[in-house]
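Heads up, the chain below is alone and in the form predicted on its own; it's given as structure tokens.
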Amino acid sequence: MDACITGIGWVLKDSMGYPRSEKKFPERGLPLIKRKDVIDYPYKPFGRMDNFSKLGFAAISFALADAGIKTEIKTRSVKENISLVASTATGCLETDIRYRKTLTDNVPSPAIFAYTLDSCFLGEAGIYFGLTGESFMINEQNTAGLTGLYFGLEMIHSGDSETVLCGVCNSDIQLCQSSASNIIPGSLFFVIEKESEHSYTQLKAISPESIYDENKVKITDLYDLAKRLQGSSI
């Protein structure tokens, strides 16, 4: 299975954006993301999103901008068969805990409840950008994200979609798991397309454990791949 990477977007503790538009800041934790940091046009649901959803939505927006897709309001009104696949280890656990507290206080919050599914930001991105392809989350115990990348390549190979956004999204919550030390807080998304005149690299996949770039270097982690492709501090 073959495809090419045409866009990269991320939100991490020390920076967010994409290779041609990166905003750096002191490493004090994940940033509190504002709508104007991510999109130019008003979108009321953005202000209501939980922090986990904003992380994922922002990285998707940055990756699309880097790939030159859906960057103008007139193009967003046109629906496109672009799919979304995300891996997560933490999910929206922080939001779930907040909602559980409102139940304890006998005042259930519908605003918090709306984001107690970790796939919510995929739906928000699909609505805002007009993406009509498949969308789903994968629960992983680390942040390698290779399963999601493989599924994205599989969707392109099968003809289900010619463009797929795939990546990882994790909050900064501490998990009581032996693998917790492997979890990188933040989000990172790639745009992968069936073909393009301009791309970071060509991907070839045999299995989730056997994905290679055009230089035949085995991909073991999405963050390592991003570093190699554009040499930032990701």
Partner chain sequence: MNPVYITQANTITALGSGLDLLYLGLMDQRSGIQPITRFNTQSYTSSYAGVIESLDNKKGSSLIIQLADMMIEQLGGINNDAFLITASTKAGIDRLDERVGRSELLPENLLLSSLTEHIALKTGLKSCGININSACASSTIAIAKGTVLIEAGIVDSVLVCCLDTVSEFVFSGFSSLGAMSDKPARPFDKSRNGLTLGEGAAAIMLMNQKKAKALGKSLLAQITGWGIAGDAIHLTAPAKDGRGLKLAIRKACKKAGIKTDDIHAVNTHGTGTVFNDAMEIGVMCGLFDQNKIIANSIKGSIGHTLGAAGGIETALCVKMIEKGMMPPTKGFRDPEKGAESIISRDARPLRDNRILTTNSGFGGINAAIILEGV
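Positions refer to the first chain, counted from 1. A quick note: this is a predicted structure, and the numbers were derived from the prediction, not measured.
What comes next is about the form predicted together with its partner chain, which does not appear here.
>> Is residue 156 near its partner chain? Define near as a heavy atom within 4.5 Å, in the model of the complex.
In response: No.
> Is residue 68 close to its partner chain in the model of the complex, meaning a heavy atom pair under 4.5 Å apart or at it?
Replying inline: Result no; residue 68 lies far from its partner chain in the model of the complex.
>> Whether residue 30 contacts its partner chain in the model of the complex should be assessed with a 4.5 Å heavy atom distance threshold; does it?
In response: Output for residue 30 is no: heavy atoms all beyond 4.5 Å of its partner chain.
> Is residue 134 a contact residue for its partner chain in the model of the complex, using a 4.5 Å heavy atom cut-off?
Replying inline: Yes, residue 134 sits close enough to its partner chain in the model of the complex that at least one of its heavy atoms falls within 4.5 Å.
> Okay, which stretch from 203-211, 32-40, 187-195, 57-65 lines its partner chain in the model of the complex, with non-hydrogen atoms inside 4.5 Å?
Replying inline: Heavy atoms within 4.5 Å of its partner chain in the model of the complex occur in 203-211.
> Quick one: which residues from 92-128 get a non-hydrogen atom within 4.5 Å of its partner chain in the model of the complex?
Replying inline: In sequence order, 92, 93, 96, 97, 99, 100, 103, 104, 108, 109, 110, 113, 114, 115, 116, 117, 118, 119, 120, 123, 124, 126, 127 come within 4.5 Å of the partner.
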